[in-house]
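Shown below, as C-alpha cells, is a lone chain in the form predicted on its own; questions about how it binds or moves come after it.
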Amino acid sequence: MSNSWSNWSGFVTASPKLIASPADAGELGDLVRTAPGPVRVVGAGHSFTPLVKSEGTIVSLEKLEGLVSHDSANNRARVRAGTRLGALMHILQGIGQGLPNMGDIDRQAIGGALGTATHGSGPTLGAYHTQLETVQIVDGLGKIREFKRSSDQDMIHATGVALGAFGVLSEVTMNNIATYRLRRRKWVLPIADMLRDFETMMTAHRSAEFYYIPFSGYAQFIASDLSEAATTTRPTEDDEGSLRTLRRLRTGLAWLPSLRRALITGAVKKVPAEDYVQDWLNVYASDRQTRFNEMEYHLPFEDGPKALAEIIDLTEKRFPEVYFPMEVRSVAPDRFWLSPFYERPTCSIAIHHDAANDPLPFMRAAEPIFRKYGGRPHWGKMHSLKADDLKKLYPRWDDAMAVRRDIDPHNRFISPYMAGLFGIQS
C-alpha cells in the first residue's frame, strides 16, 4: 500500500513508495543511499509547487529539529534543518539572539525556507539564506558534507538556495543579531497614492510592505522600525475575520459588483490604524488559517508599481472571484546563485487565490505580466517556468548546475518536476 502526502493547500499530492523521518544525519544518509528514488525532502509542506512530489521517497525533516549550539559573542546559532520558524524564534530569544527579518508565516521549517529563498521585507534586509555561515548537507551518495562561509564561499552561494536538489540540508549555522524590539505601524491609504510614492514609502523604514485589497482602491501599509521603547500590547488580529467578510461579499454580491466595491471600500477605509512596540518575535508572524494557493514574482524594484497596477487591472476586470489581498514587499540584493534576488534590489508581488477555487486561470493570466518585467519566480510558489526560461534569468545558472551534478552525480534528488526545472534528461 502506498503512502499519501499533500502540501499545505492541498493542491499538490503524491503517493510515494516510502515516507521516512530520519532521526539524524546518519539515518538520512542511509535513506539517500537505499530508499526508492527519486528522494525528495519536505519541511512543512508550505510550498505550492511540486518540489516535494515523488513516486519514490519523501523524507520528512520533522525529527531533525532544535538547537545544536550557539555562539553568543558572534550572535550565531547552529540548528537542525527541520526546526520550524515558530520554534526557532523562541529558541533564539532564549539565547539573546534574533532573526534580522522574517516573513509573515512561521509554520515553515528553516530548511525549506532556506531552500526556496523565503524572505521578509526591507530594502536593506536579505532573505533567510543571506544569514548562512555554515551548511551541512547529505549528498547524493549519502555522504555528509559541510561548507563554511570563511573557506567555501562559492559552495555557500551555490547551495544556499537549492530546492532540495543539491543534497538534503541537515544542519545550518545562522548569523543572527542581538535580540531587539520593533515599533510596528499599520494604516490605510489610497492605492493610487501608494503607487505614486512607492519608492519613498518602501525605503523610509527598516521594513515596509503593503497589501492591496482587490476591488477596494485602498492598501494597508505596514512599517516596522527598531525601537528601544517599552513594549505595548499588540492589537488583536482579525485577518481571518476580514477574509471571511471579503469572501461573503464576493459570493453574495456577484450579481451587483458596484455594490460589492462600495461595501469593500467603505469597510477598508474604516480599518483602524495600529501602532505598537513588541519584541521582534511577537511582531512578524500572523495566523494564517484560510488555505490558499499563491504565485509570487520578484521584479526589479523600480518596476514594482507598474507591474502591480497591471495586475490590479487584470484582476478587477477579469477575475471577480479573487478576494485575497495582494502582498508587496522589497528585498535586498545578494550573491547566491539561484536566489531570485541575485544582484538586484527587488520588489516582490504575491497574488493569492482561495484553495477551494482552481487557481490556474488567474495565475496563468497574471504570469505574463510578471515575466514582461523580468520577474524571477519564488521557487516555492506557483509558476510555469522551465530550465530554458530560468537560465536566462540567472547569470550563474550553469555554475549552479555544475555544482549540483557534483553533489548528486546519480540524480537521486531529481523527480520529473525537478528534471523539467533544471533541464535534466532522464
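Note that the coordinates shown come from a computational prediction; the quantities given were computed from them, not determined experimentally. Just count from 1 along the sequence shown to find any residue number.
The protein also exists as the form predicted in complex with a small molecule; that form is not presented, and the subsequent description refers to it.
- Residue-level contacts in the model of the complex: of Met382, Val32, Val52, Ala366, one residue has a heavy atom within 4.5 Å of the small molecule, and it is Val52.
- For the residues Leu88, Met174, Val328, Leu169, the 4.5 Å heavy atom test against the small molecule in the model of the complex is passed only by Leu169.
- Per the 4.5 Å heavy atom criterion, the small molecule in the model of the complex is contacted by stretch 101-109, the sole one of 299-307, 199-207, 101-109, 250-258.
- Under a 4.5 angstroms non-hydrogen atom cutoff, the small molecule in the model of the complex lacks Phe370 among its neighbouring residues.
- Interface membership of Gln97, defined by any non-hydrogen atom within 4.5 Å of the small molecule in the model of the complex, is ruled out.
- Within 4.5 Å of some heavy atom of the small molecule in the model of the complex lies at least one heavy atom of Gly164.
- By the criterion of a heavy atom within 4.5 Å, Ala158 is excluded from the residues contacting the small molecule in the model of the complex.
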